[in-house]
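Here's a solo chain for you in structure tokens, the form predicted alone.
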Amino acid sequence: MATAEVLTNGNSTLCDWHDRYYHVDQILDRPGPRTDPSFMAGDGVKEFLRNQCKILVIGAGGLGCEILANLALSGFKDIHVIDMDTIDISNLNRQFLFRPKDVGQPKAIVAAEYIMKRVPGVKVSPYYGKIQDKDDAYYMQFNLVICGLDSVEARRWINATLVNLVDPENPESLKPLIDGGTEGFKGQARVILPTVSSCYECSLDMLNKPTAFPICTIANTPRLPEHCIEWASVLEWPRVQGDKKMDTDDPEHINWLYTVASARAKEFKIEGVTWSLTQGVVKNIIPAIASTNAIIAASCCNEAFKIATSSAAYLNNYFMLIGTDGVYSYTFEHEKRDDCPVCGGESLDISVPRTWTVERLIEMLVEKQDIQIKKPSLSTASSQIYFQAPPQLEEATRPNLEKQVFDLVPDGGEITVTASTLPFSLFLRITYS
């Protein structure tokens, strides 16, 4: 890539090369047949894109690397990136911003440095940590947010956070969210306008249900290496480690699970327990395909460009790619749910048998496709039904687990459901069958 080098106060700096934006300017210099009515061709839109628009990329893995490169080469010059992971040698086959010398280093920092070195004039500000570390003021500074995450919980968190940011009196508080995801040869990209269009929470029921193994099989008759790994994580970790929280991103924790699962497998003469399989089972990892990442990242960045410039109509609102048998893609509008706990505002109606205990209701909340709340805490306007934390409160409300819901909540009564991993509350209207 040719660059122009100039001297400023005796220091060498890099500026745009000749015809750097030639092809992009073909779009921005004149309106087209699908141009948004608000599009103002010319220098103004180019100035906004290259010198004013601030964009956040969440995730610097397989999707994130592609997204960062695409944005930088499309003309976005003020990019921020968040990622909590470090580079593993297994990442190098598809996360092309990283090299063997980078193994063990934070993805966000290495990716930012590589992009700034490779694409002159682009500023990439990295943050090595969790998205939950940042407050509302941090997210308010961006014009757009793009997610390239491999975690449903993280997606739910940022989706709810951006919805909660919206102030009807302040149009600038609406931050478009572009979400990309891949699963082997399948992928999706979507545009979410918080409070306006369907949000991520509205579409939880579209997710593939995680594979679950019966506890009795895991505990008594394991037959697969996955059974041994689940036994180590679900049963042995809490027994041995007590209240210590398992961090599936901590290599020491994965190594402990691998060691325990290997011993279990040896006892039952089961082969196939490996470190990578252990990590895959506890993190529910699905092998990533570089070409799928490239297509979905391109779609996400295309939508970011259209939203930032109004040069064409943006996606409304869901793009699906299926590459398992040939290449097939389609788009559709996913509709808002009135009972969505994040953007809907209405209580979710749940009918349960009168014989159900609180413990059974909690199991349903974890398993139900359109809810999927891990470790939910339950309360009503006048009482605490069951709280997962702190330990003292959990112990005080634990006896309620065996009580019937009918004895604690009247027919038509509401239960408030919260979880430490999600920044919103779910309201259930309970009826009995």
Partner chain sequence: MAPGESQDIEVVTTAIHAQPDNKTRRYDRQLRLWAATGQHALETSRILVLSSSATSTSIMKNLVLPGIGHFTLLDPTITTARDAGNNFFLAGPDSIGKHRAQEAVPLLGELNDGVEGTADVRSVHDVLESDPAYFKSFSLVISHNLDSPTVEKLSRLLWTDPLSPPLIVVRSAGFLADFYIQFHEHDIIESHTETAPSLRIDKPFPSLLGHALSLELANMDITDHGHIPYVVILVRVLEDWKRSHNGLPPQNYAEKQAFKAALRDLKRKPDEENFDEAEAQAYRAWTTTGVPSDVAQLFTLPAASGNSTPNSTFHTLLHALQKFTELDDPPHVLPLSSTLPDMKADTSSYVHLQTLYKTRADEERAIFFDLLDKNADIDEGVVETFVKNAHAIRVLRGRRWGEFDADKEAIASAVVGYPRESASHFALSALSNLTSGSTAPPTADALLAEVQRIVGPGIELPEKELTDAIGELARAPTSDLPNVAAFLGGLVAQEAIKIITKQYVPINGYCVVDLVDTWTGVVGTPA
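Numbering follows the first chain given and starts at 1. All values derive from a computational prediction rather than experimental measurement. Between two forms, the rigid core is defined as the largest C-alpha subset superposing within 1.5 Å.
There is another form of the same protein, the form predicted in complex with the partner chain; it is not shown, and what comes next is about it.
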Could you tell me if Asn70 has a non-hydrogen atom within 4.5 Å of the partner chain in the predicted complex?
-> yes
Heavy atom to heavy atom, is Lys134 within 4.5 Å of the partner chain in the predicted complex?
-> no
So in the predicted complex, does any heavy atom of Asn302 sit within 4.5 Å of the partner chain?
-> yes
Please check if Gly181 has a heavy atom lying within 4.5 Å of any heavy atom of the partner chain in the predicted complex.
-> no
The one residue among Ile109, Met246, Met84, Leu92 placing a heavy atom within 4.5 Å of the partner chain in the predicted complex is Leu92
In the predicted complex, the one of Tyr128, Tyr139, Trp356, Phe185 near the partner chain [non-hydrogen atom within 4.5 angstroms] | Phe185
If we check the partner chain in the predicted complex, which of the residues in 18 to 45 reach within 4.5 angstroms of it by a non-hydrogen atom?
-> His18, Asp19, Arg20, Tyr22, His23, Val24, Gln26, Ile27, Arg30, Pro31, Gly32, Pro33, Arg34, Thr35, Phe39
Rigid core superposition, Asn255 Cα moves 2 angstroms or more between this form and the one not shown | yes
Does the distance between the two CA positions of Arg264 reach 2 Å or more between this form and the one not shown, the core being superposed?
-> yes
Answer yes if the CA of Glu226 moves 2 Å or more between this form and the one not shown after aligning the rigid core, and no otherwise.
-> yes
